[in-house]
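In the block that follows, a single chain appears as structure tokens, in the form predicted on its own.
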Amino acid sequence: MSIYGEYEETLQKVMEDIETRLQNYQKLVQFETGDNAYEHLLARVKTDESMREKCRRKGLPENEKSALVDLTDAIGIRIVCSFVDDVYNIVEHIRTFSNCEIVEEKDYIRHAKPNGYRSYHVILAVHTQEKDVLGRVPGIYYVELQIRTIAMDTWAALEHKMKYKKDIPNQDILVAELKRVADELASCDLSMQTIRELINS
């Protein structure tokens, strides 16, 4: 049986709701400006196997409460933008969502992780008419959003692949090079933002 139990269907509905709101924002921005709010969006409910593995890693029991309350990434949405300003515009739009509240946010763009990782993370609590695992009605379900530029997304994907390679020689050199590339890509993002502002001024 799925670790999400009877709440799996509600998870899917919550994900589709937030995904639709973001798609509607995309249409609005396209209508008003002719530009995209973002380039692409990927939404998923974490697989049963992946969630169970995370529970084990965190020392949590493999049950619905762990998956839906103690951990907040059963629903994950990644939004990839062309420009840094677009990231912040989307965050501000998310703040306006009805029946939702941001319970945690981390700005890894202005405050990059030591390894060079950059992205904007938001944990959104979505209030639904469905019961949640704690028996609350309206129920609360969490959505983790990662919002980043194309450059940040490319770097994160490559770093993720490298991280799981075994027996890499010169590990320290690799880490330093990844950090250098992350900083160079961040500089490119700022340059592209400046060019965009010059074009639009």
Ligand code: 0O2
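Residue numbers run from 1 along the displayed sequence. Keep in mind that what you see is a predicted model, and the values were worked out from it rather than measured.
Quick note: we don't show the form predicted together with this ligand, though the next part is all about it.
Taken together, the three residues K13, K27 and H93 all stay farther than 4.5 Å from this ligand in the predicted bound form, as judged by their closest heavy atom. Only one listed stretch (168 to 176, 30 to 38, 56 to 64, 132 to 140) carries heavy atoms within 4.5 Å of this ligand in the predicted bound form, and that stretch is 56 to 64. Interface membership of N115, defined by any non-hydrogen atom within 4.5 Å of this ligand in the predicted bound form, is confirmed. Of the heavy atoms in H121, some are within 4.5 Å of this ligand in the predicted bound form. Using a 4.5 angstroms limit between non-hydrogen atoms, R52 is distant from this ligand in the predicted bound form.
With a 4.5 Å cutoff on heavy atoms, D86 does not count as touching this ligand in the predicted bound form; it lies far away.
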